[in-house]
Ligand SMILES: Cc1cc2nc3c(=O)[nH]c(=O)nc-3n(C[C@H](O)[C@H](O)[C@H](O)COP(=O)(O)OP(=O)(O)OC[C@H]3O[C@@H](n4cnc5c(N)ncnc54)[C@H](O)[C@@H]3O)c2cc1C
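In the block that follows, a single chain appears as structure tokens, in the form predicted alone.
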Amino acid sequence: MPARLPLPPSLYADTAVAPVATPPLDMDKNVSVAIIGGGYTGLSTALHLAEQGVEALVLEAQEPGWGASGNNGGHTNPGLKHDPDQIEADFGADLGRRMIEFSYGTTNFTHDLIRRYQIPCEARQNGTLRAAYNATSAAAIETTAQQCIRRGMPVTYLNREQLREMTGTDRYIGAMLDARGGDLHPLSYARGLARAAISAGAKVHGETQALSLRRDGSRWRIETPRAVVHADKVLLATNGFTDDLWPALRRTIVPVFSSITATAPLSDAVARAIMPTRSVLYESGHITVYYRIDQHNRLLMGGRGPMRWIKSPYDVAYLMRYAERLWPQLKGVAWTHGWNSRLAITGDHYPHVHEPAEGILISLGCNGRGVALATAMGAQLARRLIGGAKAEIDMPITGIKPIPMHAFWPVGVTTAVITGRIRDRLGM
């Protein structure tokens, strides 16, 4: 049997709420819906199925939140990567409009769910800043802001002086503030979502890897290390840890590592000088850097790091140096943790939903917006699993299309990171 892996050595692992019991599956089961993957997508789908009386069973290879769901930046950011006008151009007026309304509403959906189930995860809704430090990016952000404002969204475009007050640095020349954004403790949220799903009637089994998936008569058969599951329908929600369980699916995403480093708690004076409104921020550039101050005055800085597992803040020393560039008062501050996990990037930077066979639904590729997007997708996927093809959802359902030259993704990602950093420095 595959060995259980410890949680990445993160700040979250050291400070999260206690996990709910999710024992390995040790006896055969017959269920309505089996869900493979115990991250936000799988857990939220299980919760929304159970709320409607549908028997749902989650199979997670490690423990809920072990992957990117419990190890991300903790930002709840609204929207998709592409601008609203582009979404409508790509998918048409009707579906495009629904995609925009859905994706920009995901943060409200997530924070409402947290309040409804009283999930203790340090959730706040103080806004998301998308910030630019060169003229090209600032112009693009202002265009995005105008498109959002035109649609009645609670969005504001901020200038350099306003940003200096909000961030404590003069690095940025323009930014879009979306009041619906926020932050939370990712691992506590994953564990709370698992607890909510179980309390609603779902079954969640950790240390239960799906080893094979095949048709068995009119149902689906999933083999695990200790037992077999038969299900009417199956959801695959494995995101950055997608393997070869379904043909060609692994080759539709690039599993990119995103790294985070965290300081020890800062003094009140220093913490007040950095992001005093406690909005979260991500930079608009070829290589994104994102950060926030948590409820304990720690600064968490995230961005692209090595395409391998890391264990120390010194594995991403460039983030520490960049933080000191933004706020010189951080020099000498202790950095206590450095960790990462894999998220899924799609070729077109849209989330992908597939239905490659009757009774099979697949959802993956949040492209760095997974906290709120994956949570809200759970309700959409539950609706589709219950209602079938007649139940429209607010995302496109597409065919599985492998990325060309997928085998060379590690080289491609490394090259893209180096090139992107150079272009960002040059303001291109």
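Here the structure is a predicted model, which is why all the values come from computation and not from measurement. Numbers follow the displayed sequence, beginning with 1.
There is another form of this protein, the form predicted together with the named molecule, and it is not shown here; the text below is about that form.
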query	finding
Of Ser258, Thr263, Thr252, Ser137, the one that lies within 4.5 Å of the named molecule in the predicted complex (heavy atoms)	Ser258
Contact label in the predicted complex: Arg219 to the named molecule, heavy atom within 4.5 Å	no
Distance check, Arg369 to the named molecule in the predicted complex, heavy atom within 4.5 Å	yes
Contact flag, Gln62 vs the named molecule in the predicted complex, heavy atom cut 4.5 Å	yes
Distance check, Leu177 to the named molecule in the predicted complex, heavy atom within 4.5 Å	no
Candidate stretches 314-322, 94-102, 143-151, 335-343 - the one whose heavy atoms come within 4.5 Å of the named molecule in the predicted complex	335-343
Partner contacts for 67-85, taking the named molecule in the predicted complex and a 4.5 Å heavy atom cut-off	Gly67, Ala68, Ser69, Asn71, Asn72, Gly73, Gly74, His75, Asn77
